[in-house]
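One chain is shown next in structure tokens, namely the form predicted on its own.
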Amino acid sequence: MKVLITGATGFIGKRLVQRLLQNHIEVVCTGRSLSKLDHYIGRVNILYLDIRDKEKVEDVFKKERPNLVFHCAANTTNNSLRILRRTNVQGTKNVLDACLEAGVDKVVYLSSISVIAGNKEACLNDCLPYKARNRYGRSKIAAEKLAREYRKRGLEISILRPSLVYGERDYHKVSLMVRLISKRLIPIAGRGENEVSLTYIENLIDVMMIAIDKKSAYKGTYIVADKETISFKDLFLYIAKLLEIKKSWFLPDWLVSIFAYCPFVGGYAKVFLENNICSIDRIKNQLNYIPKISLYEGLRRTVDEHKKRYKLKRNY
């Protein structure tokens, strides 16, 4: 089997490459920052690819003829909707068109919980209608709708919706949170009772590997998250404990509410005022999947790696 990965240079893509190699699968890595894959030279085929370039995407797919494609490439910022759509929507269309033309057997499309995060239900599930909170979520809704359309055209597509992904070698939201907590620069918002669902990177990769052969993975959608949820208060306190530093400080509810309506920081403040949990019942029932690594073990591994990488020191 030959597997092609778009976005192989990203946090998720690189970990997927590692797991595929461990399973002795032929891998074609595509992306834009190819230097991030230097340690895989000689073990995988590494190709520059910007999925916004339709002709280049077609050329690569025709030449490589992969059996399966993991479509991980995406713009995860909250830039203008026009910029986001170029990569997340038009780029996805370019990839799916190329898959049809090259006779690709299966596609595993990495969507996002953001496509339903705007719903007000206490616990998000796969049966909820599309509703986004931000521009990124709206671009992912359009991309996921494309994936559903291409299913009707005969392309087998598995649609996975991970919640916020974290883990070792992460450079994004949870990584930033750990560093800010280590310097006591980020408070617990209000009472911190609102809960969140996270996805440890190795649990997500487990699901992506299951999707290679599991027929039921190519019907409907699947939320991916750790088995446990955690309140923001407990999350901050647990990270502080792992870092061996003073406990985070609290920001009063009334002040958090004010920040929620301020430019630039409002979107971030609102996150701490709402529950962000989701149900993994469907993936458990349909794919027989139970996360192997607990939220607390995943956080411990993540924080331990951050302590070494950033030389974070105790702050008692």
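Computed from a prediction, not measured in an experiment: that's the story for all the values here. When you see a residue number, it is the position in the sequence shown, counting from 1.
As for the form predicted in complex with a small molecule, it is not shown, yet the points below apply to it.
At a distance of at most 4.5 angstroms from the small molecule in the predicted complex, all three residues 10, 13 and 112 contribute at least one non-hydrogen atom. Residue 136 is the only one of 222, 150, 236, 136 with a heavy atom lying within 4.5 Å of the small molecule in the predicted complex.
With the partner removed from view, the residue among 52, 247, 63, 43 that has a non-hydrogen atom within 4.5 Å of the small molecule in the predicted complex turns out to be 52. Here the chain stands alone, but in the predicted complex its contact with the small molecule, taken as any heavy atom within 4.5 Å, falls in 159-167 among 186-194, 97-105, 159-167, 212-220. Remark: residue 229 does not count among the residues lining the small molecule in the predicted complex, judged by a heavy atom distance of 4.5 Å or less. At the 4.5 Å threshold, heavy atoms of residue 82 stay clear of the small molecule in the predicted complex, well away from it.
Looking at residue 76, you'd find a heavy atom of it within 4.5 angstroms of the small molecule in the predicted complex. Within this chain, residue 72 lines the site of the small molecule in the predicted complex, having a heavy atom no more than 4.5 Å away.
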